[in-house]
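There is one chain below, alone, in structure tokens, taken in the form predicted alone.
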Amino acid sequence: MSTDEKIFVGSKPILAYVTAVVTSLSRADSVKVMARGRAISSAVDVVEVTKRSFLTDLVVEGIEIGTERLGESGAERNVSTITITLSRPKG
């Protein structure tokens, strides 16, 4: 069993990512839900929908926020990032 899987949240419907989280947690110890920019609110929604409707025993192990520099030199911009680490209780 792998120890960690990553799901990158973008512009698909939220339930597509919820399904990915549930599937990933069935085969991995933990899952990282990652997003940048405008998708950050969708990533939080994915975690909340998963936690409230599908896996009520889900544990949020950590939330990391940061900034990435994107673009070519001279046209670089800062983009916010978030990584939410999820797992299920052992046993």
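Start at 1 and count along the sequence shown; that's the residue number. Quick caveat, the model's predicted, so the values are computed rather than measured.
The same protein also has a form predicted in complex with another copy of the chain, omitted here; what follows describes it.
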At the 4.5 Å heavy atom threshold, is Thr67 in contact with another copy of the chain in the predicted bound form?
yes
Examine Asp29 and determine whether its closest non-hydrogen atom to another copy of the chain in the predicted bound form is within 4.5 angstroms.
no
Is Val47 close enough to another copy of the chain in the predicted bound form to count, meaning some heavy atom within 4.5 Å?
yes
According to a 4.5 angstroms non-hydrogen atom cut-off, is Ser73 in contact with another copy of the chain in the predicted bound form?
no
